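Alright, here's a single protein chain in two forms, structure 1 and structure 2, each given by itself as structure tokens.
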Structure 1
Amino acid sequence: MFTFDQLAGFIAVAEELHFGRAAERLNMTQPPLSRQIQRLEKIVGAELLERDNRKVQLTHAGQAFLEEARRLMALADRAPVTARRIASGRSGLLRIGFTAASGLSILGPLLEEISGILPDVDIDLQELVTGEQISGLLTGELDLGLARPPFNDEVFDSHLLYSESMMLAVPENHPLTELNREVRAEDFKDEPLIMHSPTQARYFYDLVVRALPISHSNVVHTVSQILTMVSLVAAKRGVAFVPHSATFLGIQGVRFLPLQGGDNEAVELHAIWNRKVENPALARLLRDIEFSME
């Protein structure tokens, strides 16, 4: 394999078209430069320069090789700079997991703040439920998660990003929209319910059954995504308990009503990360970000 010294020698001769001037430019004598070019041509397996006593010029192979040699030298010059930028957290890749609901409220402002701190870092976004995010953070496939509690605070560090109340989503023109007050438990005791999955949406499921007297005999649909719940409400399949951020979905035919006690069991969204931070970009972000989205 050829060396960078051989490439530098060839580039100098190709640009000067004169061995003497090229050698002077490289602060060396002409004989070792000539030997470098000869060894390079032997390694490449093609004649790169035509030379006689009067002139030096590039062969067709030399012209093609010159472009690649310049590209290789440029990469070699950039490599230490790139390594230093990545080590300092100014370049690289930050992999962020987020829940679908967080995309409705906090994701946009958070990404804007991250871009201001890490303008040259690429962001890889992955929509995942909290359990999948925790797995990704443990394996190193994710650097940062936007997830719901609970999580192991001995393994993960966290910051509360957002807290919101639960609301009741009902079809447009539903009788409950005429109450002009907070909805009480007795108001929906006979309503068909669209509930969160106790396995795929465990956080919301636990939150609702802990805060409200749910009659499971009234459950007509069990789903995992907020968007699906609200769409089913719009189709008049029942009523659903959703976080306030669901109001941003803009689905027609749905009203969102305040629940009595809805603020007592607030829906929380946390930024979480493995305490063993290995990604320099994440370390830089955690040092500089203000987490001012609450």
Structure 2
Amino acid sequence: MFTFDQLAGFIAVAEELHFGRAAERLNMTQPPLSRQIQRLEKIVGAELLERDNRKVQLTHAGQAFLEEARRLMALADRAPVTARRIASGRSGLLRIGFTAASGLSILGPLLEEISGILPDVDIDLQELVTGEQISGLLTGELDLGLARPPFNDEVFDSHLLYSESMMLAVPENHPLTELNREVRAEDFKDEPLIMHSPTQARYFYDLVVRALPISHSNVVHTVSQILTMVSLVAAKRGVAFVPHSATFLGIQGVRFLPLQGGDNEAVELHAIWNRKVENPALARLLRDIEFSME
């Protein structure tokens, strides 16, 4: 295989069409340059330069090889730069998981802040429930998650992004909308309930069950996505407990009522990541970001 020095030598001679000047440009003497070209031609297996003792000229093969040589040199020059950019986290790919609800509120401002810090980093977004994010972070398929507790603090580092209160979602024109005060447990004891899945949306399920006296006989649906919940409420299938950010969904026919004791901002959203940070882009992000979105 030829060497980059040989390529550089050939390019210089091809451009100068003069061994002496080319050698000068390369800060060397003619003889080694002459030998470089000879070796290169032998390796390539074709005459690249036609040299009459008076003038130097590119052959057709030499013209074609010159293009390839320039491409090679350009690629070789750029490759380390790319690698260093990625190593420093200024380039690369950041894969972020987020829950449907966080997509409505925090995701936009967060992405804006990230792209300010890492302008050349490609960002891969996936809507995933917390459990899927956790396993993605463990296998390395994900770099950062926007998810809800609980998660293993030994494996994951995290930052609380915000807390919000739970609301009661009811159909428009439902009697409870006339209440004009916080909804109490006895107010919905006879209402059909749309509940969270205790497995798929364990966080919400536990939160609701812990905070409110739920009659399980009233549960008419068990779902895992907040969007599904609100849609079912709009279809008048029952009432549901949702985080405040569900109000951003903008679904028609649903009203959101405050819950008594619901203003304790119990619903948390965290940015979480594997403590063993492997992606330099994530390392740089964590170094520079202020988790200060309102």
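Every value quoted in this text rests on a predicted model; they were computed, and no experiment measured them. For numbering, take structure 1's sequence and count from 1. Between two forms, the rigid core is the largest collection of C-alphas that superpose within 1.5 Å.
Here the chain coming from the form predicted on its own is structure 1, while structure 2 comes from the other form. After superposition on the rigid core, the Cα of residue 235 moves by less than 2 Å between structures 1 and 2.
After superposition on the rigid core, displacement of the C-alpha of residue 282 between structures 1 and 2 stays below 2 Å. Once you line up the core between structures 1 and 2, the Cα of residue 53 ends up 2 Å or more from where it was. With both forms fitted on their core, the C-alpha atom of residue 31 sits 8.0 Å from where it sits in the other form; this compares the forms between structures 1 and 2. The two forms line up on their rigid core, and residue 72 then has its Cα shifted by 3.4 Å between structures 1 and 2.
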